[in-house]
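Next up: a single chain in structure tokens, the form predicted alone.
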């Protein structure tokens, strides 16, 4: 029988995970994803024009919770459901935001499965957000996700998706992302090398913490492969902006627009 961690152990792992969450954004922003902070701020500006009070947000592909944490800080009475397929990401987020856990729920689900909306305890949301997650999915899977989101949003609710959304070029598929982790077109090879070093360090810190071993074991079952992980799945070419717009309208969104873009990174807003 496993004993509960001591208070000292809990403080240690909480501090580690807070540090890991703090490092998450800068690890990408300072190397392969220089638009990251501007894109996430644009997502928050779009969300800020929506509901007030005790709004309910769904964070798709949340990772360790960089967007969830921003929502919790910006909207003091909101509640967030963070969903991701990686047990390690969720466990880091859970420990890092322990003090706000009453306002955030961490859900282990794979967005590629069509049943994930029905498995959520919260059935209605004001806003759904996603940041750099859906471009890993095939077109059919993306449309299924949007269909599920449409069922979960209240009337006049909306989706905000900040991602790698290249425009379609007639006769050519959308460009394949250059960076295996972000989809960014890298300015210099050293940026990718710097990212890989930071990525290894981040996962090394996770692997050295005894209280995160359970999450790592779950990950090995769900997502077999090396640690630090290397992305080897996903579409050869990402879905285009035009595909996302058509898919959203097909599943019932009545207004779709792009309020922010920088290169092929865009924030897409869809009104239910």
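The model shown is predicted, which means the values in this text are computed figures rather than measured ones. Residue numbers count along the first chain shown, from 1.
One more form of this protein, predicted in complex with a small molecule, exists but is not displayed; see below.
K.L.:
Picking from 153-161, 118-126, 131-139, 72-80, which part of the chain touches the small molecule in the predicted bound form when contact means heavy atoms within 4.5 Å?
P.N.:
Among the candidates, contact is made by 131-139.
K.L.:
Against the small molecule in the predicted bound form, would residue 167 count as a contact residue? Criterion: heavy atoms within 4.5 Å.
P.N.:
Residue 167: no, not in contact with the small molecule in the predicted bound form.
K.L.:
Taking heavy atoms only, is residue 198 within 4.5 angstroms of the small molecule in the predicted bound form?
P.N.:
The answer is no: residue 198 has no heavy atom within 4.5 Å of the small molecule.
K.L.:
Counting only non-hydrogen atoms and a 4.5 angstroms cut-off, does residue 61 reach the small molecule in the predicted bound form?
P.N.:
Because a heavy atom of residue 61 falls inside 4.5 Å of the small molecule in the predicted bound form, the answer is yes.
K.L.:
Check whether residue 143 has any heavy atom within 4.5 Å of a heavy atom of the small molecule in the predicted bound form, and answer yes or no.
P.N.:
No, no contact at 4.5 Å.
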